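Only one chain is shown below, in structure tokens, and it's the form predicted alone.
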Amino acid sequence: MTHRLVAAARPEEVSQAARLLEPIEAKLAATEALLRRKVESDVPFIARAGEYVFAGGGKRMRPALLFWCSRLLGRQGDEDVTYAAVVELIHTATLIHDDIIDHADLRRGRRTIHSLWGSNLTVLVGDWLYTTAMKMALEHDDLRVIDLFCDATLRMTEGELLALERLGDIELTRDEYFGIIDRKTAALFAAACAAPALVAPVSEDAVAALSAYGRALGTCFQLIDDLLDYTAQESALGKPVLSDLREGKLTLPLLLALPRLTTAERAQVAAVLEDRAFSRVSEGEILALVQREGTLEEVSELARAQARRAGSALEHFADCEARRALEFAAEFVLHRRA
């Protein structure tokens, strides 16, 4: 089985990803098999769309983290496979809806399903995946875990609403930006990591520590995503560079630079946000602004701080293979290139 983490472009990334995934390969394979079974349907379009989405693979970062957290706590049951599939279904449904909202044509280097079959059908597939995820979460009859996933889904929806309200707004603040990514990205990372701690015997300290770990790691993940939008090659990223700005999204590298720009330079940024295209301003002009102001390095340092925060949250646990894997996961996220 091939995962996007293992299929990284650089040989050193392949080795690092393998180090993270190989010890939990059986769990990941069980999750993939469960996902394939759950998207089977006697409604032909659901089956066809589900097969297309999951055939494209994915990083499976959130399931991997859930399995390592489960191993850290010494869990022995099969709940972790179910909950890993739940997390991936929620994540996939979110991506489907995000692509519709963003009018995105590419995801992981492949056409998005709404670009193939239209928004009307595709939005319903996203709804179906969300509902399937929650139905799966009920299988182990653990209300605290179900509540955790429901809360994460609600926060992700709130984050998307907040982001849409500020779409194309050059006055977006740093606090607002972090509030959005906390909901849209960090919330599901936190839920994935904390879920095993809610399986009996419950440890409230472990719930808090793993939630903090996941939240910090999710924030780091999003900051690196923002950087890659400015620095990665399109072939590695699977979508056009500067696609966020083209969609009207003001992310941290440019947001930090804005107060330092001249009136004319701010007008250039506003033009891209207004046009949703690089028609009056080139990509190179925008890249030159963030490079000149050094904000790519500033965002890199903020990402490193979040990776350190994630590592600090693990101090609650004794040294073991699982803790070391989770510490390594923070470094992997920090240095990923796709």
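All residue numbers refer to positions in the sequence shown, first residue = 1. Keep in mind it's a predicted model, so treat the numbers as computed, not measured.
The form predicted together with another copy of the chain exists for this protein as well; it is not shown, and the discussion that follows is about that form.
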Can you check whether Ala270 is within 4.5 Å of another copy of the chain in the model of the complex, heavy atom basis?
-> no
Contact of Glu204 with another copy of the chain in the model of the complex (heavy atom, 4.5 Å) = no
Could you tell me if Glu165 has a non-hydrogen atom within 4.5 Å of another copy of the chain in the model of the complex?
-> yes
State yes or no: in the model of the complex, is some non-hydrogen atom of Tyr177 no more than 4.5 angstroms from a non-hydrogen atom of another copy of the chain?
-> no
Even though another copy of the chain is not shown here, does it sit in the model of the complex so that Ile46, Thr131 and Leu143 each have a heavy atom within 4.5 Å?
-> yes
Only one of Leu228, Ile170, Ala208, Val123 comes within 4.5 Å of another copy of the chain in the model of the complex by heavy atoms, so just point that one out.
-> Val123
Go through Arg107, Arg183, Arg71, Arg246 and name the one with a heavy atom inside 4.5 Å of another copy of the chain in the model of the complex.
-> Arg183
Exactly one stretch in 189 to 197, 248 to 256, 148 to 156, 76 to 84 has heavy atoms within 4.5 Å of another copy of the chain in the model of the complex; which is it?
-> 148 to 156
Counting only non-hydrogen atoms and a 4.5 Å cut-off, give the residues of 82 to 97 close to another copy of the chain in the model of the complex.
-> His97
